[in-house]
Structure formats: structure tokens, C-alpha cells
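Given next, in C-alpha cells, is a single chain: the form predicted on its own.
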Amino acid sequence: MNVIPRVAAGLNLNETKLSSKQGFLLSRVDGVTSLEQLVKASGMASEQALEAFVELKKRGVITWDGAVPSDEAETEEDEIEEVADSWVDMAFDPFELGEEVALDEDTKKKILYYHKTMNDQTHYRMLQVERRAEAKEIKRAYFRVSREFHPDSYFRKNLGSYKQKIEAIFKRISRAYEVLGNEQKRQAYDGTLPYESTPEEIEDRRNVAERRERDRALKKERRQRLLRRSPVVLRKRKALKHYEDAQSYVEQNEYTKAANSIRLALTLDPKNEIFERLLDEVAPRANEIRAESEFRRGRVEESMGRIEEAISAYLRAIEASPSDARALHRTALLLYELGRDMRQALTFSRKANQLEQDNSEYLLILAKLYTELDMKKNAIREYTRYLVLNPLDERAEETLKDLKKAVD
């Protein structure tokens, strides 16, 4: 897709009927930007943007030299290859890249890219296989990828700081294979990933989207006959475009993008009740997705011993979803273990316990925080509640006895 699209010579836009999506894409064609860059910058799904550009070329609205790219949807395998090669265009720290070691520049870049992104990649992306890959394919992929980052491949070479990075990448790849190579672990892991549509479901959604696009085009043609060139109308037209983008993202279950688009619409048309209703519909789901993502990131950071980063991730989860009891509890626990911000930790712990009143783990941390803050009566109350759920915890029972003696 390295061809350069250009607006067809002599094109009369007043006589050319375009959908809102096609009009938006056409406005980005400048005769300099490549088709691949235009598709990526469109904000749409790659397959939809590419299909729209191909349709514009077929209608003679735009031109480019060379063969017409396939209008079939990009496959997951294509996406994997794109991710696998994305290190080529990544910006790197010149100090890391300039380290004098026995590695060429391309190899350095590849190692730096994988080391920086490995905790954000799925197991499938780390092994560069599709989600529906069979066990044999996964095994072959593991041997292929691990061979490239196996420490033995760099035996006796001067690697400097790259040695630890290579070892970390190899461990990450091995962990991915440990999960995907085991049927039960793989099934459990797949349950943590977003649902992947079948080809039939994708085709059904595409057909529905095409019908809706045709309907939207007809409605827009009727609207255009009534429009006048005024700042207010132009703002409302832009707002409507953002609203339509938001609807499209909802159809693709892209709730975060949908929320961003509808907020843009409301900045241009702030009193539009239809826009507000859509925001009320998508915002909670977008916040849940963000909170879940940040909570998972916090657990990863915590498992790797990066406690400050874990706390920051949990706080972002709380910001997105203030009623996320898990994030509230983990933040309170880490602050307690660090012996820092005990009052703030107590606030988080109280709220977590209000949300899940019978969670003994939450009760125990709350009791410990009250004890640490010398709020003995409160601590006694929470230890008593905790021991009802965990009557065999001798340490908690001894602590409760000591607190009662101190109060008496």
C-alpha cells in the first residue's frame, strides 16, 4: 500500500455523490501521503478505510499508479507481521542505540523494541501466531521465535546492557509458550482476552454496516439540500460526523473510541440530547474497559516488583471506575506495606469494604490500617468481623486480644 493517491483531474465535487465516510477520506488525499499512511491516520478500521479508498478509485474520484490493493479485510496474520516489523520505524534512545556491543544496529533496534513492548503484547503476538493457531503451529512458532532471542545464540559476544534485555525477552517468550502450549492454560488465558469474531460474524457486521452506510448516505443527501453555509451549520455537520463515527465504533465494540468521538461531538454541539444519551450509554463501558486494562497492568507491574508503577496503574483504574473494589483494595494494601499515606490507604480500604462487605482479605487490611493509625476500637470491630469468616487465624486472634487489653 505504498502507492500515492491523488484527486482525479477535473473532478467536480458538486456532481459527485459521496458518503460521509468517503468524503472524509477524500479530504485527506493530498497527493503526497501514501495509501498506507492515509489508512492508518483515518481513525477507522483498516479494512473499512481500504475498502472506501478502493471504491473511490473504482468510481474515478481518485487515482494512483500501480495495482489496486486487495479489498479483503486485513487478516490477523497480516497484523502479526506488521507488529513483528514495527520496530523498524520506532524512535529509540540514542544512548542505548549507541552502546558499543557486538550487535548491528537493526538487531539492537529489534531487541530494544521487544524489550520495551513485551509486557503489552499478548502471548499470541509474542509468538507471532494467530489466535486460532493449532498446537503444532504454536510449537513451531515458539522454536522459531525463541531461537532468535535464545541467550546461547549470543554466546561469548560482548552484549553489555543488551544481555539482560535478551534474557528478559526469552523468558517472556518462554512464558507465552508455557501458557499456549498447554491446552488448559491456553483455554483459561483465552478467557481473559477480548472476544474474537468468526469470519461469518465479521461478514454479517460488514453487511449491516454497508446497509447502514447506504441509509446514512441517503439521509445526508436530504440534509444537504437544507443546509446553508454558516458557522453554526458547519459546526453541527462536524458534530454529526463525530456522532456517526461514535456509532460505528459502538458497532465494533470500540467503546473507548466511541466515547472520545461523542465527546468531540458535544464540544461542537453541547446541547444535543441525542449526543448526550449516546455518551451516557458508552461512557460507563469505556470507563470499565479502561479500569480493567489499568488493573491488569497494575497486577503485572506488581508481579515484577515495580510497586510504584503498580500503585499508579491502580490509581488510574480507580479514576476510571471509582467503584472498582479490587483496585481500591490493592492500592490500600500496597500503601500499608510501604508504610505510606495511611489515611489515604484507609479511605481506599473503607470503600473497598463497603463494596464487598464479606471479603475477609479486605477486612484484614482494614483492621491492620485501623491498628496502625491507633484507632483501636475500630480495629477491634474489624478483627471481630474478620475472625467470624476466618476463625482459625491464630495471629489475628492474638492481635484482637492485645487490642482489647489495651482498650480496657
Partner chain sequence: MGRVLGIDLGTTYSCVAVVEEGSPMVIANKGGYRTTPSMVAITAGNRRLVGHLAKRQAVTNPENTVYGAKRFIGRKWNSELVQDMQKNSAFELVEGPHNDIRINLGEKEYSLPEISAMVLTEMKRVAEDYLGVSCDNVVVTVPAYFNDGQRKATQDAGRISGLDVIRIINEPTAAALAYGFGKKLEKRVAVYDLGGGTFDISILEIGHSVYEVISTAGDTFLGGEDFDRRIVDWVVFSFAKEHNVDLREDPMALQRVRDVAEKSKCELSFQNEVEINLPFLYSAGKNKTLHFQKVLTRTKLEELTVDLIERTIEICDRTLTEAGVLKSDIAEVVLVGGQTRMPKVQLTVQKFFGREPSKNVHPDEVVALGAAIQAYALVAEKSEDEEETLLLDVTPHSLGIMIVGGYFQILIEKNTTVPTSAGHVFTTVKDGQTTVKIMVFQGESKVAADNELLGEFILTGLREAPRGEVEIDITFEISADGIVSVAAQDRETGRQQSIVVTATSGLTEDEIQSMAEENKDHLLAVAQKEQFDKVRSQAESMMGEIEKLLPTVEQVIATAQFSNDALKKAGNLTKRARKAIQRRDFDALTEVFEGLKRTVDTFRGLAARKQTPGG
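The term rigid core refers to the most C-alpha atoms you can superpose between the two forms while keeping them within 1.5 Å. Just so it is clear, the structure is predicted and the values come from calculations on it, not from any experiment. Residue numbers count along the first chain shown, from 1.
FYI, the form predicted together with the partner chain isn't displayed, but the following is about it.
Contact here is defined as any heavy atom lying within 4.5 Å of the partner chain in the predicted complex, and by that definition not a single one of Phe24, Arg59 and Ser323 is a contact residue.
Look at 112-120, 211-219, 239-247, 155-163: in the predicted complex, residues with non-hydrogen atoms within 4.5 angstroms of the partner chain sit in 155-163. In the predicted complex, Glu309 approaches the partner chain with a heavy atom inside 4.5 Å. At a distance threshold of 4.5 angstroms between non-hydrogen atoms, Lys136 is in contact with the partner chain in the predicted complex.
In the predicted complex, no heavy atom of Phe95 sits within 4.5 Å of the partner chain. In the predicted complex, none of the heavy atoms of Lys377 sits within 4.5 Å of a heavy atom of the partner chain.
This chain is displayed alone, yet in the predicted complex one of Arg285, Arg235, Arg186, Lys171 has a heavy atom within 4.5 Å of the partner chain; that residue is Lys171. Proximity to the partner chain in the predicted complex, defined as a heavy atom within 4.5 Å, holds among Glu251, Glu281, Asp190, Glu319 only for Glu319.
Interface residues of 322-359, taken as those with a heavy atom within 4.5 Å of the partner chain in the predicted complex (partner not displayed): Leu335, Leu338, Arg340, Asp341, Gln344, in sequence order. The two forms, fitted on the rigid core, differ between this form and the one not shown by less than 2 Å at the CA of Arg263. A displacement of 2 angstroms or greater separates the C-alpha positions of Glu148 between this form and the one not shown, with the rigid core held in common. For Leu180, a C-alpha deviation of 2 angstroms or more is recorded between this form and the one not shown after rigid-core alignment. A change of 3 Å or more separates the two forms for Met118 and Ser321: their C-alpha atoms lie farther apart in the predicted complex.
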